[in-house]
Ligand code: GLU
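The form predicted on its own is given below as one chain in structure tokens.
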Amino acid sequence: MAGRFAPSPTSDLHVGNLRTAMVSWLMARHGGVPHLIRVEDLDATRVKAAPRVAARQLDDLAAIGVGSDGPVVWQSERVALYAAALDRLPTYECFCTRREIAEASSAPHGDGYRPYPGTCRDLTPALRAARRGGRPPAIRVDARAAIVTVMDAWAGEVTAEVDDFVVRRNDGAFAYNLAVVVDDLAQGVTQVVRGDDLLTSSPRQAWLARTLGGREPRYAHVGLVTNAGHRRLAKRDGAVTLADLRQRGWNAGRVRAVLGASLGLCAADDDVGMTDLLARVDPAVRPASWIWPGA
């Protein structure tokens, strides 16, 4: 059994990422299970400087007191596991472009996700062979509109219809949903704490876990850190990374205290460590969204 935090090394972690990592560590420790860190570096187009960026991310996590109780796992080293899992799933080739999907599918969900309408599922062998001469196909699961319910620690039951989502892109890269589920099963992850923007992906991932013969972890989705305009915090919002804040005179302890205060666990000027915050955390209380006050 374990909890985990799994950053993608696309850029330095900002205070929103660090806050979620803190909650992940606190929930794992409170539950008496190890806390693991995994580097999600599969998307080669977005993580070209992955080793350097990941090293900075791990350093920043360690600086605020969030570590891994086992070796840090890199997804790029686990491709064979994803390929083996893919072979065990009901799938089909999809030749649709994004434009074709947009024109054929219903309106996008609130998170921007547009359910796939199943266009390529029932192609005849002749049509499938003809389309193979064009763009390479993506691989989609054949979920048959399964209805899946998952339990979130704070949101309660979340039920959704699972569409035929992509598990391998047309450039050959394995998709996030497949990789994260395979890794969670392989690492014995039983608790996943992450931002609530990913709540709607939970039924898809639960369907994958169950179809692969496993069981999904218990989810706990944290409210996001936003800017003053109530939009999800990003690097464009100014001094939001640990490196930025250090240049303005903040040390890691001050960042930890401010984030702890946002969780209602201390005052923003307290001298606290992660063990202090652990003694005060109540896992029944959902960390709400929080507006970053700036440096």
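Heads up: residue numbers just count along the shown sequence, starting at 1. These numbers come from a predicted model, not from an experiment.
If you look for the form predicted together with ligand GLU, you will not find it shown, but the lines that follow are about it.
For ligand GLU in the predicted complex, the listed stretch (152-160, 209-217, 130-138, 175-183) containing residues with heavy atoms inside 4.5 Å is 175-183. Ligand GLU is not drawn, but in the predicted complex it has a heavy atom within 4.5 Å of residue 40.
Using a 4.5 angstroms threshold between heavy atoms, residue 2 stays clear of ligand GLU in the predicted complex. Interface residue remark: residue 198 is counted as part of the site for ligand GLU in the predicted complex, having a heavy atom within 4.5 Å. Contact check for residue 168: every heavy atom lies farther than 4.5 Å from ligand GLU in the predicted complex. Residues 4, 6, 7, 8 are the ones in 1-20 with at least one heavy atom within 4.5 Å of ligand GLU in the predicted complex, listed in sequence order.
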